[in-house]
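A single chain comes next, written as structure tokens; it is the form predicted alone.
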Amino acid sequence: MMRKLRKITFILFLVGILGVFLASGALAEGIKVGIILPLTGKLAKFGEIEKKSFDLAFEEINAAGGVNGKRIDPIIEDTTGKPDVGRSAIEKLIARDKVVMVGGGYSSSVTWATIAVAQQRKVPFLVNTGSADKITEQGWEYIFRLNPPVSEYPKGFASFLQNVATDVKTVAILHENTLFGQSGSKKFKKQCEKSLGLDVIMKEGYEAGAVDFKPLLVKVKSKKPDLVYMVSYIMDAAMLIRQSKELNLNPKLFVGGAAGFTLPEFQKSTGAAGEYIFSATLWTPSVPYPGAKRYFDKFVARYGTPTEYHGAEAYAAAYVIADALKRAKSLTPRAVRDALAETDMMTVFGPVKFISYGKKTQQNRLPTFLVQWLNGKLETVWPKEVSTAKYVYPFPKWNER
């Protein structure tokens, strides 16, 4: 009798082990989703904050049961911030890894190179950061964008100019000579002249990664603009501000076109020089979207550093991906593409619904905001209903602080 009981117990033990094995095997055979980000190179700080947010979101989604009982298995490829590497990365994801869709897409130049491959291969691509307007102006069936295009970044700032900084009359625009910089600066110049009635007295580009902006900034200083608007990634953004201080360049407003001006590294790189710098932004923890502040707090608790709009874009994109996969009639690229087209949901980054307007197709549309570095912290200052601090305007002169 005892021997029989031991035999039954052993069989049950084996069945339990087999069940665990089968379950883990089923979980391991998840849904492959490609993510392309710059994890090394000069854009790595942006890629890092987005990767951490994707990781956080996919872990939560899988812990909650995944997609109809299946795991999402993200395969993250490093573009190094270079278009040719990005093309190779997405070719690998599609041809070798057999992903059902692709997400990510940081930097307009890299994103432009990779979405062309996705469209040609008929694999859906959800862009969450690449912002050049033309990304969603091709009528491409497989390309969707969660984030606003760069032409819409200054919408919140435009409201500030019309309601607060009404004495601003002249503008100098500086931008890096990349697809992002050229597109953003061109659109802002048009907005200044057509909608805001401002005189753009200077618009000039520069090569990204330069170490000496003083000749350019001396030229700006000689023009005496009321507003200096800059479209730059992190290293250039910090250098421009530090050297503006050294030259005692004192406009009424220094404003960044998002990107490098909102990362925590901007404050670390500029120190006191970064105080009172404004920036357009696409998201802050104070926006009235469910879970926005909770995501911010979870990110800080997990990684020990603040997050900002790039991270929120990635976190929201992961949930949009999961939602589309759940609703897709099958796990094929075409079916997932059709499900993406029907997306209508709320995320921590705001509502997501892909629509057509103007020249754009399958583009999500959202408001934007204005932030300012105050006491070493990035505060939301406009519009008033989401502000976390009172703005400081005009810009306090360097030699009077």
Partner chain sequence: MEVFLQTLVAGILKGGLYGLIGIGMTLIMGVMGIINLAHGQLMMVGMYITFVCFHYLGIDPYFALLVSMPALFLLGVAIQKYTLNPLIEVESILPENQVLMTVGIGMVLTEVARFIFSSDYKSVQTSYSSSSFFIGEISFSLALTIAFFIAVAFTLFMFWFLLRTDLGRSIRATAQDKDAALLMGVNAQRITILTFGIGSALVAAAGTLLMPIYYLFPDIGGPFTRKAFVITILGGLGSTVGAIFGGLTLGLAEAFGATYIGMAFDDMIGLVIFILVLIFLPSGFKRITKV
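Numbering follows the first chain given and starts at 1. Just so we're clear, the structure is a prediction, and the values are computed from it rather than from any experiment.
A second form of this protein, the form predicted in complex with the partner chain, is not displayed here; the remarks below concern that form.
Taking the partner from elsewhere, Ser222 is found to have a heavy atom lying within 4.5 Å of the partner chain in the predicted bound form.
Put simply, Ala210 is close to the partner chain in the predicted bound form: some heavy atom of it is within 4.5 Å. Although the partner is absent from this view, Gly376 stays clear of the partner chain in the predicted bound form, with no non-hydrogen atom inside 4.5 angstroms. Under a 4.5 angstroms non-hydrogen atom cutoff, the partner chain in the predicted bound form has Ser269 among its neighbouring residues. Of the candidate stretches 35 to 43, 351 to 359, 334 to 342, 365 to 373, only 35 to 43 has residues with heavy atoms within 4.5 Å of the partner chain in the predicted bound form. Distance criterion of 4.5 Å from any heavy atom to the partner chain in the predicted bound form singles out Glu246 from the list Glu193, Glu246, Asp167, Asp297. Interface residue among Arg242, Lys293, Arg302, Lys326, judged by heavy atoms within 4.5 Å of the partner chain in the predicted bound form: Arg242. Along 352 to 389, a non-hydrogen atom within 4.5 Å of the partner chain in the predicted bound form is carried by no residue at all.
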